[in-house]
Each structure stands twice: as C-alpha cells, then as structure tokens.
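As structure tokens, one chain now follows by itself in the form predicted alone.
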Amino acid sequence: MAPKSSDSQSHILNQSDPTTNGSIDPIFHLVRILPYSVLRAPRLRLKLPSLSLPSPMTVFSLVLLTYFMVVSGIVYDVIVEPPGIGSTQEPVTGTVRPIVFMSGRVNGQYIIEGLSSGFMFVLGGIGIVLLDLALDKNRAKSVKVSYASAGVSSIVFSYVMSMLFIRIKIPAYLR
C-alpha cells in the first residue's frame, strides 16, 4: 500500500479544526462572512507614540534618589512608622530633650536618623563621582583640582560622620 501524501493529511487536519474555512457549522460561516460583505474596515492612519529615552543625568538622578531612599530605610519607616525624632527627660531639671539617634537599638531608628545616615552615604557616593570627573583629560587643571578636592573632602566628611553616627548608636563600638 502506498503511503498517503502530506496534502491529504493536511486536508484532514483542516477539516477537524473548526477555526479554518473547512468548518461545517453554517452559523460560523454567516458570522464570519456576512458582516464583512457589507462593511469594510476603515483605513486608519494612526501614528505610534514615540517615546524618547531619558537623558543620562535624569537616569543618574533617579538611581541616586532610589539609592537614598533604600539606604535611608524608607521601607522600615513605612512598615514600622517610628516617630520622627525621640525625646528624653532629664532627671535633674525635668526638661524634655530631643534625641536624634535611637541609642542601643541596632535594628531600630527614628526617621531623622535614617535620613541623615542616608544623606551621608549619598554624599560619599557623590564624592566618588567627583573623583571620577577629576580624571577627565579634557578639563582644565584648576577644574580637575577642584573636583578632586571636593570629592576627597566629601568622602572623608561622610566617613567621619558615619563613624560618629555608629558610635552614638552603639556606644561601645570599636573601643
């Protein structure tokens, strides 16, 4: 017996598929053919909206803002809802004194504490960016020296302040 050709097999497959023209349902033929024999599809000349890429400085600003928010502990602040700043009462005078750092609790923070720490981290990152800008060969020497000195000073300042924050937060740290 000779094998069947692929044309006869595809014809059998088309008859079993109800979405092709080989369907035996008369309502399907009416719904498929009748509206398009009277109506025709309009010729639309729609323009696709063109989206331009944001500038590199916009992307850098968004990344830096996101970094600041993550490092500052915005997620912690939203979930736990700590107070913005703490307070303590002096035992001798009885006056209420504001406290910025939640001393002794490593896994807790006031809102101002997180924002100030996040600002110090961002300041150190900006210092690294300024040091990178100081290496550009197309800039004048005075501009390169200004970028380098501003970068080094911001890195040193942010490091010293971050270590001070840690020593306030954990009194016996590195002593």
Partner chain sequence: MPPQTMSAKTDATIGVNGTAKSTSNQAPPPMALPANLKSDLLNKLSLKSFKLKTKQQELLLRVSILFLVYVLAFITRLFSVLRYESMIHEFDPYFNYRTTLFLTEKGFYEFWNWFDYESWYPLGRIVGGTLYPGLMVTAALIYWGLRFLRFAVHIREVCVLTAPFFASNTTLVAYFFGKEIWDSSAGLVAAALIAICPGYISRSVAGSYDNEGVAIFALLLTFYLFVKAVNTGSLTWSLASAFGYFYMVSAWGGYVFIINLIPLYVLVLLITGRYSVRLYIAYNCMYVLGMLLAMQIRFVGFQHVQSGEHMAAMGVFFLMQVFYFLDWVKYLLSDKRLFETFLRITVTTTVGLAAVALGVGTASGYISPWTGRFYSLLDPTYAKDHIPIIASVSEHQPTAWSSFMFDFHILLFLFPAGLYFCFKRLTDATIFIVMYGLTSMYFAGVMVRLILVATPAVCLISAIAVSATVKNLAQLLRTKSKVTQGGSSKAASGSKASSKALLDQSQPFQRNGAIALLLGVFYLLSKYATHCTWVTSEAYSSPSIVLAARGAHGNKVIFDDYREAYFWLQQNTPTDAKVMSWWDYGYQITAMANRTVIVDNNTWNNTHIATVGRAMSSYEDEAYEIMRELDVGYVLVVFGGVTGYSSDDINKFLWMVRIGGGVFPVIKEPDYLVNGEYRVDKGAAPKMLNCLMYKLCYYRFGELMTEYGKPPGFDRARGVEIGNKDIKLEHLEEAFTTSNWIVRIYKVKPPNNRW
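Just so it is clear, the structure is predicted and the values come from calculations on it, not from any experiment. Here, rigid core means the biggest group of C-alpha atoms that superpose within 1.5 Å across both forms. Positions refer to the first chain, counted from 1.
The same protein has a further form, the form predicted in complex with the partner chain, not shown here; the description that follows concerns it.
Visitor: Is there a non-hydrogen atom of residue 147 within 4.5 angstroms of a non-hydrogen atom of the partner chain in the model of the complex?
Guide: Judged by the heavy-atom cut-off of 4.5 Å, residue 147 is well away from the partner chain in the model of the complex.
Visitor: Can you tell me if residue 108 lies within 4.5 angstroms of the partner chain in the model of the complex, counting non-hydrogen atoms only?
Guide: Residue 108: yes, in contact with the partner chain in the model of the complex.
Visitor: Under a 4.5 Å heavy atom criterion, is residue 38 part of the interface with the partner chain in the model of the complex?
Guide: Result no; residue 38 lies far from the partner chain in the model of the complex.
Visitor: Can you work out whether residue 31 and the partner chain are in contact in the model of the complex, taking contact to mean some heavy atom pair no more than 4.5 Å apart?
Guide: Taking the distances in the model of the complex, the answer for residue 31 is no, it never comes within 4.5 Å of the partner chain.
Visitor: Hey, which residues along 138-153 are within 4.5 angstroms of the partner chain in the model of the complex, non-hydrogen atoms only?
Guide: Residues within 4.5 Å: 141, 152.
Visitor: Rigid core aligned, does the Cα position of residue 55 differ by 2 Å or more between the shown form and the other one?
Guide: Residue 55 C-alpha, core-superposed: shift of 2 Å or more.
Visitor: Aligning on the core only, does the CA of residue 139 end up 2 angstroms or more away between the shown form and the other one?
Guide: No: residue 139 shifts by under 2 Å between the shown form and the other one.
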